[in-house]
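Encoded as structure tokens, the following chain is the form predicted on its own, with no partner shown.
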Amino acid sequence: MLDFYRQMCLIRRFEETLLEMFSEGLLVGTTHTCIGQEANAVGVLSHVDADLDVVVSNHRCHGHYIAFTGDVSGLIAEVMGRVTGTCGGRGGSQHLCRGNFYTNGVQGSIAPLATGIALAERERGAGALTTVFLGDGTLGQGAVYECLNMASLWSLPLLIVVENNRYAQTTPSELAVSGSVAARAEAFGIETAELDTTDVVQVHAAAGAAASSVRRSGRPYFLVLNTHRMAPHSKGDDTRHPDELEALREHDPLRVLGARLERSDRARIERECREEIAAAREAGEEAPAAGAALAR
């Protein structure tokens, strides 16, 4: 649990720092934080092997990236547009590529990308698991259902994780998503599970069962994680009522797990995470800008 708390705390402090830096004009491009959803990244990706398995993420990708790679310095330099960034400062917040980790800010594109990777990995025969993170808003893309159909027909080793934070930008899911989210995959004969929790221990257990099922059967699995986004969709575009935002505090995954830890352990971990993020930010600020390096 201490390791879970450290990873979630690191992601949280990273995201808070990004919002601070954006307001100071220090970022290149936009950014979408996952504040409130840290338990999903940590709970799910604790079951993957970074040297074997593949992860495909979306515009809200920083938590997934940090949980998978641990590369805070490369990520913060990337969103600052520095040459020391993950992609040399050219990909920005939404388009990251490192090892077996890929992201794309075009929501409908990530399902076909992950499905194709899962097919390639099945043919390669190394036993790799491909995990793709979708949002509830992405369920409005027809390509998602084409991919569910193909993944089931072709028995692909694909774990589809839907992070349902109940809003597509500022639109509540009840105005955009009809029926049952889980039933959408069940219609294609895909095994499903749905959790309504921000407890990383519960997410970890459910994700473990899901990953084991895919590895054992070679078939896709659809895991729906009903969660909460505690920050704006992007930077300042949050139209929710203050009372609703205040009510989300009881679901804060750091608060949920932190209540089980010793206060001294929490304080130590939080201090270490602040120091790590501060050092990464300082290193990023000192690195050359990608455009300047290209000009030379």
Partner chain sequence: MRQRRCVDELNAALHDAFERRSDVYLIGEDLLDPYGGAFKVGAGLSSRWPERVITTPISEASLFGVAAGMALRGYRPILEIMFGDFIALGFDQIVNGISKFREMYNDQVQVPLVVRTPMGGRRGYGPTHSQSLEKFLLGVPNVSMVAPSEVHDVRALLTNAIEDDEPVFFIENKVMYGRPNRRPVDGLLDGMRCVEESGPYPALTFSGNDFAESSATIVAYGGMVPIALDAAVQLILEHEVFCEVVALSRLLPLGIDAIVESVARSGALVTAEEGSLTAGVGAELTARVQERAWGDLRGPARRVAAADGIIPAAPGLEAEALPGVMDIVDAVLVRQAVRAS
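Positions refer to the first chain, counted from 1. Please read all numbers here as calculations on a predicted model, not as lab measurements.
Although not depicted, the form predicted together with its partner chain is the subject of the following passage.
Of the listed positions (Leu195, Cys87, Ile190, Val201), a single one reaches within 4.5 angstroms of its partner chain by any non-hydrogen atom in the model of the complex, namely Cys87.
Interface residue among Ala183, Val106, Leu175, Ala209, judged by heavy atoms within 4.5 Å of its partner chain in the model of the complex: Val106.
Per the 4.5 Å heavy atom criterion, its partner chain in the model of the complex is contacted by stretch 141-149, the sole one of 157-165, 141-149, 217-225, 69-77. When contacts are judged by a 4.5 Å heavy atom cut-off, Ala205 does not count as touching its partner chain in the model of the complex. Not displayed here, its partner chain is kept clear of Leu254 by more than 4.5 Å at the level of heavy atoms in the model of the complex.
Using a 4.5 angstroms limit between non-hydrogen atoms, Glu121 touches its partner chain in the model of the complex.
Although the partner is absent here, Ser93 sits far enough away that none of its heavy atoms falls within 4.5 Å of its partner chain in the model of the complex. Contacts to its partner chain in the model of the complex (heavy atom within 4.5 Å) from stretch 102-118: Tyr102, Thr103, Asn104, Val106, Ser109, Pro112, Leu113, Thr115, Gly116, Ile117.
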